[in-house]
Every structure is written in structure tokens, then in C-alpha cells.
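A single chain, nothing else alongside it, follows as C-alpha cells in the form predicted alone.
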């Protein structure tokens, strides 16, 4: 069967751009789950919260969604620190950070969704921006700016966090805190404080991820559930705590979903994506870029 070049090329480009979105929404889980061993299944709810904040700022003040998300980032950071403090005092210090900790984050997920439904209803919301609805045409290849802009923001976000983690004391402490808390204490660093900062940073990324999501598509309060599996799958496939691995895994997942949707229909996309996850776990349990 001959496949037209323009169809193949557009599927590949769409997959790469979609992968950029997946990378942006996964980076927070790479910190909380990959580095801190905290299974924050409520992370997609914070992404949706970021989407609604971008929507409010856009519809009432006319702010660009990305700009609104950057302005809201400090508030999300403080929210993340507060949530970790409650989690630490209630569960982690008591050694109950297993099922009870998971139930804690499930409760946050449920409460956030209910609060958004009561406030905004179940109707889909969208934003307006000069680049939404415009495409760049490179021969037969179309580059929709509503996907290209989030892709570029994702590159900046992950590159900035990668440099922060590798070149600052706090960044290296965050990477080490789940592995050897005693070594951190010997370096006069408080593991609880480091984790609180790291979790705040994880939730702060959800503000930007939410803006990216509502640029790509309209949102409603429960849509975050669609991304829980994908986010954790990307985190595992890339190797826990590896930003580079998560980025490449997100690209691979985006390309697979795009090709599957284009040639076989969108209903097959999740099956192919999670099939790749199962193969990765079977032949490379530590992930593509994890420690062997």
C-alpha cells in the first residue's frame, strides 16, 4: 500500500508536537514520582486547575494563556509546598505513605474536580490567542501554531529544569533526597525541606502544563483523568527521574499515537501506547534512560 508523503509527514510532525505537550505535563511527575517516590495521582487535577486559571485570566483580562500561567506559577509552588507539608506530617513521618498516601492524593483529585464542576460546570472551556487557528505551511507539511507554541514552551521548561537539577545545590539535593537522606543530613540539608521544595516545584510545572493543555484543546473538569495513565507511562518508560528520558519517551508516545490515529483510528491509540510500555517494562524494566 502506497502511503502519501504528505500524510506520513504530517502524522510524524503532529506526533512530535503532541509529544512536546506530553513532555510538559509529565515533568512534574518526573520530580514527584521519579525523584521523591511520591505517587501523586492528583497531578492531572492541578494541570486542569492551571487550565482554568489560564481561562479566567484570558477571558476576563485578555492575558495570553502562557503569560497567565507564568504569573500563577508562584501560587502553585506555594500550594505544592503546603500539600507536601500535610502529606509529610500525616503520612510520611509515620511510615504510612503507601496506600494511605495514595488515598490522600486520590482525595485531592476528587475534591479538585468537584470544586471545578461546582464553579464552572461541565461545559468545555477554551481560550483565545493570536496563534490559535494559524498554521505554518512548509510544502505539504502543516505546523499548527496551537501545537508548535506548546512544543517550544515544553523545550524551554524541560531544558531549564534539567539545568537547575544538574547545576545547583538544591537541584542535586532533590535528585539525591530519595536515595540517601542521611547523606543529605551530613551535608547540613534537611530532607523534609528539600522534598517540600521539590514537590512545590513539581506542582508549579502544572500551571504551565495547564495553559498548554487549554491551548491545544478545550477542557472540562474531569478531562485530566484521560492523561493519568499516559503521564505515569511516560515517566516509567523514560526512566524514573530522567528528564531526557521522559522527553524522548513522550516523543515516542506522541508519534505512536499520531500514526495509530492517522492510519488505524484514534480508538487504537491507547492500546498501542500502553503496549509499548509493556514491552519496555519486559525488556528494559528501569526505563529507556534509567539505571540498568
Partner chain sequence: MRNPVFFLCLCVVAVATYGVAKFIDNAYVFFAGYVVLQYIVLSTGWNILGGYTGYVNFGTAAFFAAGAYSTVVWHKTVPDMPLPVMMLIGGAIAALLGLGTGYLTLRLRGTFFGIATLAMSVVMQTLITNWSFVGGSRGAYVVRPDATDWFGIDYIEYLFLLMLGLSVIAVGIARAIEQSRLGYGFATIRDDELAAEASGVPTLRLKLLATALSGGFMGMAGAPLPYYVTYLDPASGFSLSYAVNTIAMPLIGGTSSWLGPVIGAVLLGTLQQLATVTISSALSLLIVGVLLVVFVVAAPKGIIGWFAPRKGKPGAQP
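Positions refer to the first chain, counted from 1. Quick caveat: nothing in here was measured; it's all calculated off a predicted structure. Rigid core (definition): largest C-alpha set, two forms, superposition within 1.5 Å.
Missing here is the form predicted together with its partner chain; even so, the following discussion is about that form.
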For its partner chain in the predicted complex, the stretch among 169 to 177, 200 to 208, 70 to 78, 104 to 112 with residues bearing a heavy atom within 4.5 Å is 104 to 112
Subject >> Contact of residue 100 with its partner chain in the predicted complex (heavy atom, 4.5 Å) >> reply: yes
Heavy atom of residue 136 within 4.5 Å of its partner chain in the predicted complex | no
Contact flag, residue 86 vs its partner chain in the predicted complex, heavy atom cut 4.5 Å: yes
Exercise. Are any of the heavy atoms in residue 9 no more than 4.5 Å from a heavy atom of its partner chain in the predicted complex?
Worked result: no
Q. Among 90, 236 and 278, does every residue place a heavy atom within 4.5 Å of its partner chain in the predicted complex?
A. yes
Near its partner chain in the predicted complex, with a heavy atom at 4.5 Å or closer, the residues from 241 to 269 are 267, 268
Exercise. Aligning on the rigid core, do we see the C-alpha of residue 62 shift 2 angstroms or more between the shown form and the other one?
Worked result: no
